[in-house]
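There is one chain below, alone, in structure tokens, taken in the form predicted alone.
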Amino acid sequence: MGLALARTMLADGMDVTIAGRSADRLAAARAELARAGHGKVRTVPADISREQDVANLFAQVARVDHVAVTAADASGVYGRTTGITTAAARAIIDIKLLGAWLVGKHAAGRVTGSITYTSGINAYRPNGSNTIVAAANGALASLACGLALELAPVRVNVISPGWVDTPLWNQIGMDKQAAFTDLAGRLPARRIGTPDDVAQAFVSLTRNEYITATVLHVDGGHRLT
């Protein structure tokens, strides 16, 4: 989703900086994005769960218009609570919630437009096998409300995607295609989401200067099923 967002912004002529933990993935993303538009693309290795990495990331810029956080890691966090290790639970909290908070902390005074976080459908439709993920994602709405007050007039919002076809599904260990086919038949939108669907939602929040402290659901109606 982050890659799709960067591609969309570059196509609009914006300059983009992308950050991530994997140097190889950053290099591959930069090579792909360099062909996507007229803006400049830059990569910075950073682990959102490490405060010094986040501090270093923002120390490299005097001003940034918009910040989007799409970091996620589904390793070891799906299943019954009794079977999830405390280390895995702490890891998802570090990435999804504390990492988001660290971005708000170190973006303060540098971001001028907006910060947008990424939650997920499991925050609103927990199913008994994603409880700690649901908790981490659900907390982002409260974080956005608090930061929207602290950082005003900078706007702080949350995108909550439904099921989106991304590589993250490869970490979950399920028959992705069968699950997608089943859910698509039940969704009002009658299809699974794409990274571009989510990227367009991010862009809409950067452009609308009257939306803050809001969760925008991009889920094909999943909350209704």
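These figures come from a predicted structure and were not determined experimentally. Residues carry their position along the shown sequence, with the first being 1.
Just so you know, the form predicted together with a small molecule exists too; it's not on screen, but the next bit is about it.
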Checklist outcome for this item: Answer key, the small molecule contact in the predicted bound form at 4.5 Å (heavy atoms) among A71, A141, A135, A89: the residue is A71
Checklist outcome for this item: Picking from A199, A46, V67, V41, the single residue whose non-hydrogen atoms come within 4.5 angstroms of the small molecule in the predicted bound form is A46
Checklist entry - So, R63, G113 and T214: all three within 4.5 Å of the small molecule in the predicted bound form by heavy atoms, or not? => result no
Checklist outcome for this item: Within 4.5 Å of the small molecule in the predicted bound form by heavy atoms, the stretch out of 101-109, 72-80, 124-132, 148-156 is 72-80
Next on the checklist: Is it the case that L168, even though its partner is missing from this view, gets within 4.5 Å of the small molecule in the predicted bound form, heavy atoms only?
Outcome noted: yes
Next on the checklist: Under a 4.5 Å heavy atom criterion, is I93 part of the interface with the small molecule in the predicted bound form?
Outcome noted: no
Checklist entry - How about L33: is it within 4.5 Å of the small molecule in the predicted bound form, going by heavy atoms? => result no
Checklist entry - Is F58 close enough to touch the small molecule in the predicted bound form, meaning at least one heavy atom pair within 4.5 Å? => result no
